[in-house]
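Below you'll find only one chain, the form predicted on its own, shown as C-alpha coordinates.
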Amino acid sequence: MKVTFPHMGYLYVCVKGLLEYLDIEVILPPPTSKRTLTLGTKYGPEFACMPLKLNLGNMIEASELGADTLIMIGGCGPCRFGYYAQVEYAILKDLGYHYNMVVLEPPDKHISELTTRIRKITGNKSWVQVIKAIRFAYQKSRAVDEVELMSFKIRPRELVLGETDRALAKAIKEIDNAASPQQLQLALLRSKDIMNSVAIDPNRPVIKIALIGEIYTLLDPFSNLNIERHLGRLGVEVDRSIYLSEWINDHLFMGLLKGIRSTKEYCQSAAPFLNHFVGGHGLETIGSVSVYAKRGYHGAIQLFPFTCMPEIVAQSILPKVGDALAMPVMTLIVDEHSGEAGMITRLEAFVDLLTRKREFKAN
(Lines give C-alpha, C1' and ligand atoms only; values in the text may rest on other atoms or scores of the structure.)
Protein backbone atom coordinates (compact mmCIF):
# COMPACT_ATOMS: atom_id res chain seq x y z
CA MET A 1 0.00 0.00 0.00
CA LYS A 2 1.41 3.36 -1.07
CA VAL A 3 -0.56 6.12 0.59
CA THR A 4 -0.94 9.71 -0.49
CA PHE A 5 -3.06 12.73 0.40
CA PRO A 6 -3.56 16.22 -1.07
CA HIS A 7 -1.53 19.20 0.08
CA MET A 8 -2.81 22.06 2.23
CA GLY A 9 0.14 24.22 3.27
CA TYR A 10 2.29 22.38 5.82
CA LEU A 11 -0.34 19.70 6.46
CA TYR A 12 2.02 17.19 4.84
CA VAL A 13 4.48 17.48 7.76
CA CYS A 14 1.79 16.32 10.17
CA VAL A 15 0.14 13.57 8.06
CA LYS A 16 3.40 12.19 6.68
CA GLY A 17 4.75 12.04 10.23
CA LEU A 18 1.69 10.08 11.37
CA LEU A 19 1.84 7.53 8.55
CA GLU A 20 5.60 6.99 8.70
CA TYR A 21 5.38 6.55 12.48
CA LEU A 22 3.16 3.54 11.68
CA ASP A 23 5.63 2.26 9.03
CA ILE A 24 3.21 3.03 6.20
CA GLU A 25 4.81 3.96 2.88
CA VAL A 26 3.96 7.52 1.86
CA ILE A 27 4.03 8.95 -1.65
CA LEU A 28 4.01 12.71 -1.20
CA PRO A 29 2.58 14.68 -4.14
CA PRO A 30 5.09 17.17 -5.61
CA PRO A 31 4.72 20.67 -4.14
CA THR A 32 1.63 22.36 -5.55
CA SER A 33 2.54 24.20 -8.74
CA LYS A 34 1.00 25.73 -11.83
CA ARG A 35 0.96 22.23 -13.36
CA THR A 36 -1.08 21.02 -10.39
CA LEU A 37 -3.60 23.80 -10.89
CA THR A 38 -3.68 23.26 -14.66
CA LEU A 39 -4.49 19.56 -14.18
CA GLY A 40 -7.19 20.32 -11.64
CA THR A 41 -8.72 23.05 -13.77
CA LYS A 42 -8.69 20.86 -16.85
CA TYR A 43 -10.46 17.90 -15.26
CA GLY A 44 -12.44 19.51 -12.41
CA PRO A 45 -15.92 21.08 -12.65
CA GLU A 46 -15.66 24.66 -13.87
CA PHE A 47 -17.54 26.21 -10.94
CA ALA A 48 -15.94 24.10 -8.24
CA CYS A 49 -13.77 26.12 -5.89
CA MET A 50 -9.99 26.15 -6.21
CA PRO A 51 -9.29 23.70 -3.34
CA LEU A 52 -11.08 20.92 -5.28
CA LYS A 53 -9.01 21.66 -8.38
CA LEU A 54 -5.74 21.74 -6.46
CA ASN A 55 -6.66 18.53 -4.61
CA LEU A 56 -7.43 16.86 -7.93
CA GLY A 57 -4.10 17.98 -9.41
CA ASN A 58 -2.25 16.69 -6.31
CA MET A 59 -3.98 13.31 -6.63
CA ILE A 60 -3.10 12.94 -10.31
CA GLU A 61 0.54 13.88 -9.68
CA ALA A 62 0.78 11.47 -6.73
CA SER A 63 -0.70 8.66 -8.83
CA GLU A 64 1.97 9.30 -11.47
CA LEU A 65 4.55 8.64 -8.73
CA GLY A 66 2.97 5.29 -7.84
CA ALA A 67 0.48 6.07 -5.05
CA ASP A 68 -2.44 3.62 -4.90
CA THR A 69 -4.30 4.62 -1.72
CA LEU A 70 -5.68 8.07 -1.12
CA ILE A 71 -6.64 9.64 2.19
CA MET A 72 -9.15 12.45 1.94
CA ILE A 73 -10.93 14.44 4.62
CA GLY A 74 -14.72 14.62 4.46
CA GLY A 75 -17.20 16.92 6.12
CA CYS A 76 -20.82 17.84 6.57
CA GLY A 77 -22.99 20.93 6.45
CA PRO A 78 -23.75 23.55 3.79
CA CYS A 79 -20.14 23.68 2.48
CA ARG A 80 -19.64 21.61 -0.70
CA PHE A 81 -16.36 20.24 0.68
CA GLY A 82 -18.34 17.40 2.28
CA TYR A 83 -18.81 15.64 -1.04
CA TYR A 84 -15.53 16.61 -2.72
CA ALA A 85 -14.01 13.20 -1.96
CA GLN A 86 -16.76 11.41 -3.91
CA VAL A 87 -16.58 13.88 -6.80
CA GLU A 88 -12.81 13.62 -7.01
CA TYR A 89 -12.95 9.81 -6.83
CA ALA A 90 -15.45 9.70 -9.72
CA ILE A 91 -13.32 12.06 -11.85
CA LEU A 92 -10.15 10.08 -11.18
CA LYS A 93 -11.91 6.82 -12.03
CA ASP A 94 -13.16 8.26 -15.35
CA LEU A 95 -9.61 9.37 -16.14
CA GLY A 96 -8.26 5.88 -15.48
CA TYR A 97 -6.60 6.52 -12.10
CA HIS A 98 -7.46 3.61 -9.83
CA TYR A 99 -7.21 4.69 -6.21
CA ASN A 100 -8.39 3.05 -3.02
CA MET A 101 -9.93 6.06 -1.36
CA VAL A 102 -10.36 6.34 2.42
CA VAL A 103 -12.50 9.28 3.51
CA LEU A 104 -12.00 10.46 7.10
CA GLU A 105 -14.70 12.67 8.55
CA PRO A 106 -14.67 14.56 11.88
CA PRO A 107 -16.18 12.16 14.44
CA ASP A 108 -19.03 14.42 15.48
CA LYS A 109 -21.59 11.61 15.18
CA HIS A 110 -20.04 8.58 13.50
CA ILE A 111 -17.10 7.49 15.63
CA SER A 112 -17.44 3.80 14.62
CA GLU A 113 -17.31 4.69 10.93
CA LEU A 114 -14.18 6.72 11.54
CA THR A 115 -12.40 3.93 13.42
CA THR A 116 -13.33 1.41 10.70
CA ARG A 117 -11.83 3.66 8.04
CA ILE A 118 -8.69 4.28 10.09
CA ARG A 119 -8.30 0.48 10.25
CA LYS A 120 -8.20 0.35 6.43
CA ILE A 121 -4.99 2.38 6.60
CA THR A 122 -3.34 1.15 9.79
CA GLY A 123 -4.04 -2.58 9.26
CA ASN A 124 -3.03 -4.67 12.27
CA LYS A 125 -1.33 -1.90 14.19
CA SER A 126 -2.61 -1.71 17.76
CA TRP A 127 -4.74 1.21 18.88
CA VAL A 128 -1.98 2.15 21.31
CA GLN A 129 0.41 2.55 18.36
CA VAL A 130 -2.22 4.47 16.40
CA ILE A 131 -2.84 6.85 19.31
CA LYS A 132 0.91 7.40 19.74
CA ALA A 133 1.17 8.18 16.04
CA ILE A 134 -1.74 10.65 16.22
CA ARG A 135 -0.13 12.35 19.23
CA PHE A 136 3.19 12.55 17.37
CA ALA A 137 1.49 14.05 14.32
CA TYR A 138 -0.28 16.60 16.48
CA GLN A 139 3.02 17.56 18.11
CA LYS A 140 4.42 18.14 14.64
CA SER A 141 1.51 20.38 13.72
CA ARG A 142 2.07 22.39 16.92
CA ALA A 143 5.76 22.72 16.14
CA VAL A 144 5.05 23.95 12.61
CA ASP A 145 2.55 26.48 13.93
CA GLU A 146 5.06 27.74 16.49
CA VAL A 147 7.74 28.51 13.91
CA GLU A 148 5.17 30.00 11.53
CA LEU A 149 4.01 32.34 14.30
CA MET A 150 7.64 33.35 14.84
CA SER A 151 7.99 34.10 11.13
CA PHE A 152 4.94 36.40 11.24
CA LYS A 153 6.64 38.55 13.88
CA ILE A 154 10.15 38.41 12.42
CA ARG A 155 9.43 38.98 8.70
CA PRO A 156 8.25 42.65 8.90
CA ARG A 157 11.31 43.47 11.03
CA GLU A 158 14.01 41.57 9.11
CA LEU A 159 17.11 43.50 8.05
CA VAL A 160 17.93 41.32 5.03
CA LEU A 161 15.03 40.85 2.63
CA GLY A 162 14.02 37.18 2.30
CA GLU A 163 16.05 35.90 5.25
CA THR A 164 12.92 34.95 7.20
CA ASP A 165 11.64 32.85 4.30
CA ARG A 166 14.93 30.98 4.06
CA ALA A 167 14.99 30.42 7.82
CA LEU A 168 11.40 29.21 7.86
CA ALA A 169 12.11 26.68 5.10
CA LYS A 170 15.04 25.29 7.11
CA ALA A 171 13.00 25.21 10.31
CA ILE A 172 10.12 23.32 8.67
CA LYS A 173 12.59 20.82 7.20
CA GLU A 174 14.04 20.15 10.67
CA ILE A 175 10.54 19.38 12.00
CA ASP A 176 9.64 17.30 8.96
CA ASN A 177 12.77 15.14 9.31
CA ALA A 178 12.10 14.27 12.97
CA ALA A 179 11.11 10.59 13.19
CA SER A 180 10.23 10.30 16.89
CA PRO A 181 8.90 12.52 19.70
CA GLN A 182 12.42 12.76 21.15
CA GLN A 183 13.88 13.86 17.82
CA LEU A 184 10.99 16.30 17.40
CA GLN A 185 11.79 18.05 20.68
CA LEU A 186 15.37 18.64 19.55
CA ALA A 187 14.21 19.62 16.06
CA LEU A 188 11.89 22.26 17.49
CA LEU A 189 14.72 23.75 19.57
CA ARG A 190 16.95 23.89 16.47
CA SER A 191 14.07 25.38 14.46
CA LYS A 192 13.57 28.16 17.01
CA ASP A 193 17.31 28.86 17.01
CA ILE A 194 17.20 29.13 13.20
CA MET A 195 14.31 31.59 13.36
CA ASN A 196 15.93 33.61 16.14
CA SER A 197 19.15 33.88 14.11
CA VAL A 198 17.40 36.19 11.62
CA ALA A 199 18.70 39.72 12.13
CA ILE A 200 15.85 42.15 12.93
CA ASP A 201 15.14 45.71 13.92
CA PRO A 202 12.92 45.18 17.01
CA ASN A 203 11.94 48.87 17.14
CA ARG A 204 10.61 49.09 13.59
CA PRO A 205 6.94 50.19 13.66
CA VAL A 206 4.62 47.68 12.01
CA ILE A 207 1.02 47.47 10.92
CA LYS A 208 -0.93 44.49 12.28
CA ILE A 209 -3.37 42.71 9.98
CA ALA A 210 -5.49 39.63 10.68
CA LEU A 211 -6.00 37.08 7.90
CA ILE A 212 -9.47 35.58 8.21
CA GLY A 213 -11.69 33.42 6.04
CA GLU A 214 -11.75 29.94 4.51
CA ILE A 215 -9.32 27.42 6.01
CA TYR A 216 -7.69 26.02 2.85
CA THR A 217 -6.98 29.45 1.39
CA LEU A 218 -5.62 30.67 4.70
CA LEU A 219 -3.27 27.71 5.23
CA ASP A 220 -2.05 27.12 1.69
CA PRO A 221 0.58 29.61 0.40
CA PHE A 222 0.09 28.58 -3.23
CA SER A 223 -3.64 29.28 -3.22
CA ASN A 224 -3.29 32.59 -1.31
CA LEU A 225 -0.41 33.72 -3.55
CA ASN A 226 2.01 33.91 -0.60
CA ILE A 227 0.06 36.72 1.01
CA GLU A 228 1.87 36.38 4.35
CA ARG A 229 5.24 36.87 2.65
CA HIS A 230 4.05 39.91 0.68
CA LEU A 231 2.47 41.55 3.70
CA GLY A 232 5.57 40.91 5.78
CA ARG A 233 7.72 42.63 3.20
CA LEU A 234 5.34 45.60 3.33
CA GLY A 235 6.07 45.91 7.05
CA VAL A 236 2.97 44.06 8.24
CA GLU A 237 2.81 41.65 11.14
CA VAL A 238 0.07 39.13 10.37
CA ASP A 239 -1.89 36.58 12.33
CA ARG A 240 -4.24 33.91 11.00
CA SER A 241 -7.64 33.17 12.45
CA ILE A 242 -7.01 29.43 11.92
CA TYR A 243 -3.97 27.24 12.54
CA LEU A 244 -3.83 23.55 11.74
CA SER A 245 -3.15 22.39 15.29
CA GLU A 246 -6.08 24.46 16.57
CA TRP A 247 -8.40 22.95 13.95
CA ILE A 248 -7.25 19.45 14.95
CA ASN A 249 -7.93 20.14 18.63
CA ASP A 250 -11.33 21.71 17.93
CA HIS A 251 -12.64 19.15 15.42
CA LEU A 252 -10.75 15.88 15.91
CA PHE A 253 -9.94 16.02 19.64
CA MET A 254 -13.23 17.82 20.42
CA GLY A 255 -11.37 20.50 22.40
CA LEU A 256 -9.83 17.91 24.73
CA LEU A 257 -6.50 19.76 24.99
CA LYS A 258 -6.90 22.82 27.20
CA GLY A 259 -4.99 26.08 27.03
CA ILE A 260 -4.93 26.13 23.24
CA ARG A 261 -6.57 28.91 21.25
CA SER A 262 -9.92 27.84 19.87
CA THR A 263 -12.17 29.14 17.10
CA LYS A 264 -15.07 28.87 19.56
CA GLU A 265 -14.12 32.37 20.71
CA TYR A 266 -14.81 33.65 17.19
CA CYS A 267 -18.18 31.89 17.01
CA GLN A 268 -19.22 33.42 20.33
CA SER A 269 -18.17 36.88 19.12
CA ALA A 270 -20.14 36.76 15.86
CA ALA A 271 -23.41 37.97 17.45
CA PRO A 272 -25.25 40.26 16.85
CA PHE A 273 -24.04 40.33 13.23
CA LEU A 274 -24.50 36.60 12.58
CA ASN A 275 -26.22 34.25 14.99
CA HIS A 276 -26.11 30.85 13.34
CA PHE A 277 -23.90 28.40 11.46
CA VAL A 278 -23.68 29.07 7.72
CA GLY A 279 -21.22 26.31 6.81
CA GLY A 280 -17.45 26.29 6.52
CA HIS A 281 -15.89 29.02 8.63
CA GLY A 282 -18.36 31.80 7.79
CA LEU A 283 -19.40 32.26 11.40
CA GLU A 284 -15.78 32.34 12.59
CA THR A 285 -14.93 34.93 9.93
CA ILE A 286 -17.52 37.35 11.29
CA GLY A 287 -16.58 36.78 14.93
CA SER A 288 -12.84 37.02 14.32
CA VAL A 289 -13.13 40.68 13.23
CA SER A 290 -14.47 41.56 16.67
CA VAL A 291 -11.75 39.55 18.42
CA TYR A 292 -8.92 41.09 16.42
CA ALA A 293 -10.33 44.60 16.86
CA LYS A 294 -10.14 44.09 20.64
CA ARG A 295 -6.54 42.83 20.27
CA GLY A 296 -5.55 46.13 18.64
CA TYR A 297 -5.15 44.98 15.05
CA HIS A 298 -5.31 47.74 12.46
CA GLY A 299 -7.25 45.81 9.80
CA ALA A 300 -8.35 42.42 8.50
CA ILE A 301 -8.22 40.67 5.13
CA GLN A 302 -10.82 38.05 4.29
CA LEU A 303 -9.54 35.31 1.97
CA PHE A 304 -11.63 32.72 0.22
CA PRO A 305 -11.85 30.79 -3.05
CA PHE A 306 -14.25 31.91 -5.76
CA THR A 307 -17.79 30.42 -5.28
CA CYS A 308 -17.22 29.60 -1.56
CA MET A 309 -20.79 29.96 -0.25
CA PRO A 310 -20.12 30.35 3.52
CA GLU A 311 -17.56 33.08 2.91
CA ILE A 312 -19.85 34.85 0.43
CA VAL A 313 -22.42 35.04 3.23
CA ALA A 314 -19.75 36.43 5.55
CA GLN A 315 -18.55 38.88 2.90
CA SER A 316 -22.03 40.39 2.64
CA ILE A 317 -22.05 41.06 6.41
CA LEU A 318 -18.44 42.22 6.87
CA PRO A 319 -18.96 45.88 5.79
CA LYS A 320 -21.48 46.29 8.60
CA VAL A 321 -19.12 44.59 11.08
CA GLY A 322 -16.16 46.71 9.98
CA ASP A 323 -18.14 49.96 10.29
CA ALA A 324 -19.44 49.05 13.75
CA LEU A 325 -15.97 48.17 15.04
CA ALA A 326 -14.03 50.85 13.09
CA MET A 327 -11.99 48.00 11.61
CA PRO A 328 -11.12 48.23 7.90
CA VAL A 329 -11.73 44.89 6.19
CA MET A 330 -10.67 43.97 2.66
CA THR A 331 -11.81 40.87 0.79
CA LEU A 332 -9.61 38.89 -1.60
CA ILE A 333 -11.17 36.12 -3.71
CA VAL A 334 -8.84 33.69 -5.46
CA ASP A 335 -9.24 31.27 -8.34
CA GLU A 336 -7.11 29.90 -11.17
CA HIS A 337 -7.10 33.33 -12.88
CA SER A 338 -5.74 35.24 -9.87
CA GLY A 339 -2.42 36.97 -10.37
CA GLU A 340 0.21 37.75 -7.76
CA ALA A 341 1.04 41.22 -9.19
CA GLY A 342 -2.57 42.39 -8.99
CA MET A 343 -2.89 41.15 -5.42
CA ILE A 344 0.30 42.96 -4.35
CA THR A 345 -1.09 46.23 -5.73
CA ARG A 346 -4.24 45.82 -3.65
CA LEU A 347 -2.20 44.93 -0.56
CA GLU A 348 -0.03 48.01 -0.98
CA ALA A 349 -3.12 50.24 -1.20
CA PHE A 350 -4.69 48.62 1.87
CA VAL A 351 -1.51 48.89 3.95
CA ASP A 352 -1.11 52.53 2.88
CA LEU A 353 -4.69 53.22 4.01
CA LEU A 354 -4.07 51.60 7.41
CA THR A 355 -0.80 53.48 7.86
CA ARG A 356 -2.44 56.84 7.15
CA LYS A 357 -5.32 55.97 9.48
CA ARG A 358 -2.86 55.15 12.26
CA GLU A 359 -0.93 58.39 11.71
CA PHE A 360 -4.15 60.43 11.65
CA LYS A 361 -5.24 58.80 14.91
CA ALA A 362 -1.84 59.51 16.51
CA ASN A 363 -2.00 63.21 15.59
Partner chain sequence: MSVKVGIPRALLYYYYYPLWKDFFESLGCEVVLSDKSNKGILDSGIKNTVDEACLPVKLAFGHVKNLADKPVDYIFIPRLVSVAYKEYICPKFLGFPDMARQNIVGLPAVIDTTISFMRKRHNVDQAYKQLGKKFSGNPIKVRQAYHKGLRALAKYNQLLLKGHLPEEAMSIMYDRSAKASQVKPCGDLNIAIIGHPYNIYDPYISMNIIKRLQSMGVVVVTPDHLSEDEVRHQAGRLPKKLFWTLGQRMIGAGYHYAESEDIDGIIHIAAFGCGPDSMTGELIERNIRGSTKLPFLNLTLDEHTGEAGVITRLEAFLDMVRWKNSPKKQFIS
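Owing to the predicted nature of the structure, the values given are computational and were not obtained by experimental measurement. Positions refer to the first chain, counted from 1.
The form predicted together with its partner chain exists for this protein as well; it is not shown, and the discussion that follows is about that form.
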With the distance limit set at 4.5 angstroms and only heavy atoms considered, check whether 80, 86 and 91 all reach its partner chain in the predicted complex.
yes
Of the listed stretches (292-300, 39-47, 26-34, 63-71), which one has a non-hydrogen atom within 4.5 Å of its partner chain in the predicted complex?
39-47
Interface membership of residue 51, its partner chain in the predicted complex, 4.5 Å heavy atom rule
no
How about residue 247: is it within 4.5 Å of its partner chain in the predicted complex, going by heavy atoms?
no
Residue 259, heavy atom within 4.5 angstroms of its partner chain in the predicted complex
no
Within 4.5 Å, heavy atoms only: does residue 325 come near its partner chain in the predicted complex?
no
From the list 221, 181, 75, 235, which entry has a heavy atom within 4.5 Å of its partner chain in the predicted complex?
75
Just to confirm, with a 4.5 Å cut-off on non-hydrogen atoms, which of 278, 188, 137, 225 contacts its partner chain in the predicted complex?
278
Relative to its partner chain in the predicted complex, which residues of 240-275 have a heavy atom no more than 4.5 Å away?
272, 273, 274, 275
